[in-house]
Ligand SMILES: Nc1ncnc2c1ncn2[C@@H]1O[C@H](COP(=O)(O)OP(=O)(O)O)[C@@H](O)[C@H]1O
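As C-alpha coordinates, one chain now follows by itself in the form predicted alone.
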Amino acid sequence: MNEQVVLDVKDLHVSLPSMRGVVGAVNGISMQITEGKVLGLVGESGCGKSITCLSLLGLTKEEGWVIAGVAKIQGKNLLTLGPEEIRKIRGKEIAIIMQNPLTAFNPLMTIEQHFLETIGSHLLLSKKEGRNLAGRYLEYTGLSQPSKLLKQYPFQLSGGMIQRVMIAIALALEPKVLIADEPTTSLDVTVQRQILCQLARLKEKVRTGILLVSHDLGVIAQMADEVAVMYCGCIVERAPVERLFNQPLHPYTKALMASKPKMQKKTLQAIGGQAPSLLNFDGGCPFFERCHEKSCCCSHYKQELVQYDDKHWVGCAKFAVKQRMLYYEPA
(Lines give C-alpha, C1' and ligand atoms only; values in the text may rest on other atoms or scores of the structure.)
Protein backbone atom coordinates (compact mmCIF):
# COMPACT_ATOMS: atom_id res chain seq x y z
CA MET A 1 0.00 0.00 0.00
CA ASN A 2 1.42 3.36 -1.08
CA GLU A 3 1.69 5.99 1.62
CA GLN A 4 0.18 9.34 0.75
CA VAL A 5 2.56 12.29 1.18
CA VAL A 6 0.69 15.19 2.81
CA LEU A 7 3.65 17.59 3.01
CA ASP A 8 6.63 17.46 0.65
CA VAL A 9 9.55 19.76 1.49
CA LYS A 10 12.44 20.04 -0.97
CA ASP A 11 15.64 22.10 -0.71
CA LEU A 12 14.34 24.53 1.94
CA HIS A 13 16.66 27.47 2.60
CA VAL A 14 16.11 30.22 5.16
CA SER A 15 18.65 33.06 5.33
CA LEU A 16 18.71 35.94 7.80
CA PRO A 17 20.60 39.20 7.20
CA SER A 18 22.96 40.48 9.89
CA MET A 19 25.55 43.24 10.33
CA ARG A 20 28.38 40.77 9.53
CA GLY A 21 26.81 38.86 6.66
CA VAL A 22 24.07 36.35 5.89
CA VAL A 23 23.16 33.69 8.45
CA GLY A 24 22.13 30.41 6.86
CA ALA A 25 19.56 29.24 9.44
CA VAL A 26 18.27 26.43 7.22
CA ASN A 27 20.50 25.07 4.48
CA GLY A 28 18.71 23.00 1.87
CA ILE A 29 16.73 20.45 3.88
CA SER A 30 14.27 18.01 2.31
CA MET A 31 11.71 15.80 4.04
CA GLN A 32 8.32 14.20 3.50
CA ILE A 33 5.46 13.79 5.97
CA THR A 34 3.07 10.99 5.15
CA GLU A 35 -0.54 10.47 6.15
CA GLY A 36 -0.95 8.91 9.60
CA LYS A 37 2.80 8.88 10.29
CA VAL A 38 5.09 10.81 12.64
CA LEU A 39 8.37 12.30 11.46
CA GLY A 40 10.64 13.13 14.39
CA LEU A 41 13.02 16.08 14.05
CA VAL A 42 15.88 16.13 16.56
CA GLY A 43 19.02 18.17 17.14
CA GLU A 44 20.70 20.64 19.47
CA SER A 45 19.18 24.00 20.37
CA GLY A 46 19.91 26.51 17.64
CA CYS A 47 20.19 23.96 14.83
CA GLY A 48 17.19 25.39 12.93
CA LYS A 49 14.27 23.17 13.98
CA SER A 50 11.89 25.95 15.06
CA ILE A 51 12.85 28.19 12.13
CA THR A 52 11.98 25.31 9.82
CA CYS A 53 8.56 24.89 11.45
CA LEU A 54 7.74 28.60 11.38
CA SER A 55 8.89 28.96 7.77
CA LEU A 56 6.49 26.26 6.62
CA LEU A 57 3.56 28.26 8.01
CA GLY A 58 4.70 31.60 6.65
CA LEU A 59 5.49 33.00 10.10
CA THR A 60 9.08 34.11 9.38
CA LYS A 61 8.59 36.50 6.50
CA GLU A 62 10.35 39.41 8.15
CA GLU A 63 12.06 42.18 6.20
CA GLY A 64 15.28 40.94 4.65
CA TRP A 65 14.65 37.25 5.28
CA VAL A 66 15.10 35.02 2.24
CA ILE A 67 13.09 31.79 2.07
CA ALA A 68 13.59 29.51 -0.92
CA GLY A 69 12.64 25.98 -1.88
CA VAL A 70 9.40 24.02 -2.17
CA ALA A 71 6.93 22.96 0.53
CA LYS A 72 3.91 21.41 -1.17
CA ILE A 73 0.62 20.61 0.49
CA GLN A 74 -2.25 19.55 -1.75
CA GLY A 75 -0.37 20.84 -4.78
CA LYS A 76 0.29 24.30 -3.35
CA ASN A 77 3.74 25.62 -2.51
CA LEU A 78 3.43 27.17 0.96
CA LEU A 79 6.59 29.23 0.44
CA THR A 80 5.18 31.23 -2.47
CA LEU A 81 1.68 31.96 -1.15
CA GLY A 82 0.64 35.48 -0.21
CA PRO A 83 -0.58 36.46 3.28
CA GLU A 84 -4.26 35.89 2.49
CA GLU A 85 -3.66 32.58 0.73
CA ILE A 86 -1.52 31.15 3.53
CA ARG A 87 -4.07 32.30 6.12
CA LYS A 88 -6.73 30.16 4.43
CA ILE A 89 -4.50 27.09 4.72
CA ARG A 90 -2.92 27.76 8.13
CA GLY A 91 -4.98 26.08 10.83
CA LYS A 92 -7.16 24.08 8.44
CA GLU A 93 -4.68 22.17 6.27
CA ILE A 94 -1.57 22.65 8.40
CA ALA A 95 -1.53 23.57 12.10
CA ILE A 96 1.15 24.10 14.73
CA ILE A 97 1.57 23.54 18.45
CA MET A 98 4.00 26.23 19.59
CA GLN A 99 6.99 25.51 21.80
CA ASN A 100 5.86 27.99 24.48
CA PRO A 101 2.05 28.16 24.45
CA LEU A 102 1.81 31.05 26.92
CA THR A 103 3.53 33.37 24.44
CA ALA A 104 1.23 32.20 21.62
CA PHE A 105 -2.00 33.29 23.35
CA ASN A 106 -3.34 36.81 23.71
CA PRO A 107 -3.65 37.37 27.50
CA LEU A 108 -6.56 39.76 26.93
CA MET A 109 -8.71 37.18 25.16
CA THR A 110 -10.57 34.31 26.77
CA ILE A 111 -10.06 30.71 25.68
CA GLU A 112 -13.47 30.86 24.00
CA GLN A 113 -12.45 33.89 21.95
CA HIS A 114 -9.27 32.14 20.81
CA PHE A 115 -11.29 29.11 19.75
CA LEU A 116 -14.01 31.05 17.95
CA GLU A 117 -11.48 33.20 16.10
CA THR A 118 -9.62 30.15 14.79
CA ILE A 119 -12.71 28.10 13.94
CA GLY A 120 -14.61 31.08 12.49
CA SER A 121 -11.82 31.90 10.04
CA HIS A 122 -12.40 28.55 8.28
CA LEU A 123 -15.90 27.30 9.13
CA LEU A 124 -19.29 29.01 8.93
CA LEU A 125 -20.60 28.23 12.39
CA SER A 126 -22.80 30.11 14.81
CA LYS A 127 -21.34 31.16 18.13
CA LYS A 128 -23.23 28.35 19.88
CA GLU A 129 -22.01 25.74 17.38
CA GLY A 130 -18.44 27.02 17.73
CA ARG A 131 -18.68 26.87 21.53
CA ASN A 132 -19.98 23.30 21.39
CA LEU A 133 -17.16 22.29 19.04
CA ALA A 134 -14.61 23.90 21.37
CA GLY A 135 -16.05 22.12 24.38
CA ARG A 136 -15.94 18.78 22.60
CA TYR A 137 -12.25 19.10 21.73
CA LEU A 138 -11.32 20.35 25.18
CA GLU A 139 -12.89 17.21 26.62
CA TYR A 140 -11.10 15.15 23.98
CA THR A 141 -7.75 16.46 25.27
CA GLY A 142 -8.66 15.47 28.84
CA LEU A 143 -9.75 18.84 30.22
CA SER A 144 -12.78 18.77 32.49
CA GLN A 145 -15.48 21.43 32.83
CA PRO A 146 -14.98 22.92 29.34
CA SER A 147 -17.80 25.47 29.73
CA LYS A 148 -15.98 26.97 32.73
CA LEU A 149 -12.60 26.74 31.03
CA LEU A 150 -13.80 28.65 27.96
CA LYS A 151 -14.52 31.71 30.10
CA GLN A 152 -11.02 31.81 31.57
CA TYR A 153 -7.93 33.65 30.33
CA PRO A 154 -4.64 31.93 29.35
CA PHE A 155 -2.75 33.21 32.41
CA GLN A 156 -5.29 31.52 34.69
CA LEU A 157 -4.30 28.07 33.46
CA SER A 158 -1.32 25.87 34.30
CA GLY A 159 1.35 25.00 31.74
CA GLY A 160 -0.14 21.57 31.10
CA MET A 161 -3.65 22.94 30.71
CA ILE A 162 -2.69 25.72 28.29
CA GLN A 163 -0.67 23.24 26.25
CA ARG A 164 -3.72 20.97 25.95
CA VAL A 165 -5.87 23.99 25.01
CA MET A 166 -3.44 24.72 22.17
CA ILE A 167 -3.64 21.09 21.06
CA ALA A 168 -7.44 21.23 21.17
CA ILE A 169 -7.44 24.35 18.96
CA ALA A 170 -5.01 22.69 16.55
CA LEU A 171 -7.15 19.53 16.36
CA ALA A 172 -10.52 21.27 16.02
CA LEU A 173 -10.19 21.66 12.25
CA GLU A 174 -8.64 18.19 11.82
CA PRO A 175 -5.64 19.36 9.74
CA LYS A 176 -3.82 17.14 7.28
CA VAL A 177 -0.47 18.17 8.81
CA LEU A 178 0.30 18.99 12.43
CA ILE A 179 3.63 20.50 13.47
CA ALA A 180 4.33 19.87 17.16
CA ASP A 181 7.30 22.02 18.22
CA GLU A 182 8.48 20.69 21.58
CA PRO A 183 4.90 19.95 22.75
CA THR A 184 6.05 18.47 26.10
CA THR A 185 8.54 21.18 27.12
CA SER A 186 8.49 22.05 30.86
CA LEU A 187 5.68 19.60 31.60
CA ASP A 188 5.74 16.88 34.22
CA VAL A 189 5.89 13.29 32.99
CA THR A 190 2.20 12.58 33.69
CA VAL A 191 1.04 15.48 31.52
CA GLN A 192 3.65 14.60 28.91
CA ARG A 193 2.19 11.12 28.61
CA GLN A 194 -1.35 12.50 28.25
CA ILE A 195 -0.30 14.88 25.47
CA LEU A 196 1.63 12.20 23.60
CA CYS A 197 -1.35 9.84 23.85
CA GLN A 198 -3.57 12.55 22.36
CA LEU A 199 -1.18 13.02 19.45
CA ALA A 200 -1.15 9.26 18.91
CA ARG A 201 -4.96 9.17 18.87
CA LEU A 202 -5.00 12.04 16.38
CA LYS A 203 -2.86 10.24 13.82
CA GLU A 204 -4.98 7.10 14.21
CA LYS A 205 -8.38 8.81 14.13
CA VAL A 206 -7.86 11.58 11.57
CA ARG A 207 -4.78 10.15 9.77
CA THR A 208 -2.95 13.41 10.33
CA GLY A 209 0.73 13.53 9.38
CA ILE A 210 2.78 14.88 12.30
CA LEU A 211 6.15 16.63 12.38
CA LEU A 212 7.30 16.13 15.98
CA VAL A 213 10.19 18.34 17.12
CA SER A 214 11.80 17.31 20.40
CA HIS A 215 15.07 17.22 22.33
CA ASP A 216 13.80 14.19 24.21
CA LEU A 217 15.09 11.11 22.40
CA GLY A 218 12.82 8.93 24.54
CA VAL A 219 9.74 10.76 23.21
CA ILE A 220 11.02 10.42 19.64
CA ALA A 221 11.69 6.69 20.13
CA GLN A 222 8.14 6.20 21.43
CA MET A 223 6.24 8.36 18.93
CA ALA A 224 8.11 8.63 15.64
CA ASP A 225 7.96 6.33 12.62
CA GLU A 226 10.92 8.05 10.98
CA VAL A 227 13.58 10.41 12.36
CA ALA A 228 15.53 13.25 10.77
CA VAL A 229 18.63 14.50 12.61
CA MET A 230 19.31 18.21 12.13
CA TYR A 231 22.57 20.05 12.73
CA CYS A 232 23.49 23.64 11.79
CA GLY A 233 20.51 23.99 9.49
CA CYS A 234 21.20 20.70 7.66
CA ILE A 235 19.64 17.27 7.92
CA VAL A 236 22.62 14.98 8.42
CA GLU A 237 20.79 11.66 8.76
CA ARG A 238 17.30 10.29 8.14
CA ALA A 239 16.05 6.77 8.80
CA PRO A 240 13.19 4.72 10.32
CA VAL A 241 13.21 5.16 14.07
CA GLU A 242 14.38 1.66 15.03
CA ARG A 243 17.19 1.69 12.50
CA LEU A 244 18.40 5.14 13.54
CA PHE A 245 18.52 4.23 17.24
CA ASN A 246 20.08 0.80 16.65
CA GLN A 247 22.45 1.70 13.82
CA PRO A 248 23.30 5.43 13.75
CA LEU A 249 25.77 6.26 10.98
CA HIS A 250 26.59 9.94 11.18
CA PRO A 251 29.14 10.92 13.88
CA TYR A 252 26.77 13.61 15.16
CA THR A 253 23.91 11.12 15.52
CA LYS A 254 26.23 8.76 17.39
CA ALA A 255 27.26 11.62 19.71
CA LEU A 256 23.60 12.46 20.39
CA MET A 257 22.84 8.85 21.27
CA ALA A 258 25.89 8.66 23.55
CA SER A 259 24.87 11.83 25.41
CA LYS A 260 21.42 10.61 26.47
CA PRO A 261 20.99 9.34 30.05
CA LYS A 262 21.01 5.56 30.57
CA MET A 263 19.96 3.29 33.41
CA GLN A 264 23.57 2.27 34.02
CA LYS A 265 25.77 4.45 36.21
CA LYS A 266 27.90 5.89 33.44
CA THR A 267 29.16 9.41 32.91
CA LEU A 268 27.28 11.23 30.17
CA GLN A 269 29.42 11.80 27.09
CA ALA A 270 29.09 15.45 26.14
CA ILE A 271 29.68 16.54 22.56
CA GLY A 272 32.95 18.48 22.64
CA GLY A 273 33.35 21.97 21.25
CA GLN A 274 30.49 24.09 19.97
CA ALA A 275 28.48 24.46 16.81
CA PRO A 276 30.15 26.64 14.15
CA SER A 277 28.91 30.03 13.08
CA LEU A 278 26.42 29.93 10.22
CA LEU A 279 27.55 33.28 8.85
CA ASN A 280 28.13 32.85 5.12
CA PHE A 281 27.81 29.04 5.35
CA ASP A 282 29.86 27.48 2.53
CA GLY A 283 28.00 24.16 2.31
CA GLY A 284 30.81 22.04 3.77
CA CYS A 285 30.45 19.52 6.59
CA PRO A 286 29.09 21.53 9.55
CA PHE A 287 30.27 18.91 12.07
CA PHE A 288 33.88 18.87 10.84
CA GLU A 289 35.48 20.75 13.78
CA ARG A 290 33.76 18.59 16.44
CA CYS A 291 34.00 15.23 14.72
CA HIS A 292 36.23 12.47 16.15
CA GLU A 293 35.97 10.42 12.97
CA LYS A 294 37.05 13.03 10.42
CA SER A 295 39.55 12.18 7.72
CA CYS A 296 41.49 14.09 5.09
CA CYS A 297 38.61 13.95 2.60
CA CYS A 298 36.18 15.64 4.99
CA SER A 299 37.62 19.13 4.51
CA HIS A 300 36.58 19.04 0.83
CA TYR A 301 33.20 17.40 1.37
CA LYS A 302 30.01 19.28 0.46
CA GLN A 303 27.02 18.46 2.67
CA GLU A 304 24.47 16.23 0.96
CA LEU A 305 22.35 13.22 1.88
CA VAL A 306 23.28 9.97 0.17
CA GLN A 307 21.37 6.70 0.37
CA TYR A 308 23.15 4.15 2.54
CA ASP A 309 20.48 1.50 2.11
CA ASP A 310 16.70 1.23 1.88
CA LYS A 311 15.15 4.26 3.66
CA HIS A 312 18.42 5.18 5.40
CA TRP A 313 20.10 8.41 4.29
CA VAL A 314 23.24 10.00 5.70
CA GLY A 315 25.24 13.15 4.96
CA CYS A 316 28.86 12.19 5.66
CA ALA A 317 31.97 11.96 3.50
CA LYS A 318 32.47 8.32 4.54
CA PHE A 319 29.25 7.34 2.81
CA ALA A 320 29.33 9.66 -0.20
CA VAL A 321 29.01 7.74 -3.46
CA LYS A 322 32.45 8.65 -4.82
CA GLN A 323 34.19 8.68 -1.45
CA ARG A 324 32.62 5.65 0.24
CA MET A 325 35.94 4.13 1.30
CA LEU A 326 38.11 7.27 1.63
CA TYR A 327 38.64 7.05 5.35
CA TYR A 328 42.28 6.47 5.95
CA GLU A 329 44.12 9.06 7.95
CA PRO A 330 43.06 11.69 10.51
CA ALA A 331 42.76 15.26 9.25
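This one's a predicted model, so the numbers in the text were calculated from it and none came from an experiment. From 1 onward, residues are counted along the sequence shown.
Another form, the form predicted together with the named molecule, is not on view; read the next lines as being about it.
The closest non-hydrogen atom of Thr110 lies beyond 4.5 Å of the named molecule in the predicted complex. Although the partner is absent here, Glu62 is a contact residue: one of its heavy atoms lies within 4.5 angstroms of the named molecule in the predicted complex. At the 4.5 Å threshold, heavy atoms of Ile271 stay clear of the named molecule in the predicted complex, well away from it.
Although the partner is absent here, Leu16 sits close enough that one of its heavy atoms falls within 4.5 Å of the named molecule in the predicted complex. Using a 4.5 angstroms heavy atom cutoff to the named molecule in the predicted complex, none of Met98, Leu178 and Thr208 count as contacting. The partner is absent here; in the predicted complex, the one residue of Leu12, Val314, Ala25, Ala317 having a heavy atom within 4.5 Å of the named molecule is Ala25.
Taking a 4.5 Å heavy atom cutoff to the named molecule in the predicted complex, the contact residue among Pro286, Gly40, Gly48, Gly58 is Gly48.
Proximity to the named molecule in the predicted complex, taken as heavy atoms within 4.5 Å, picks out 48-56 from the listed stretches 32-40, 292-300, 66-74, 48-56. In the predicted complex, not one residue of 220-238 has a heavy atom within 4.5 Å of the named molecule.
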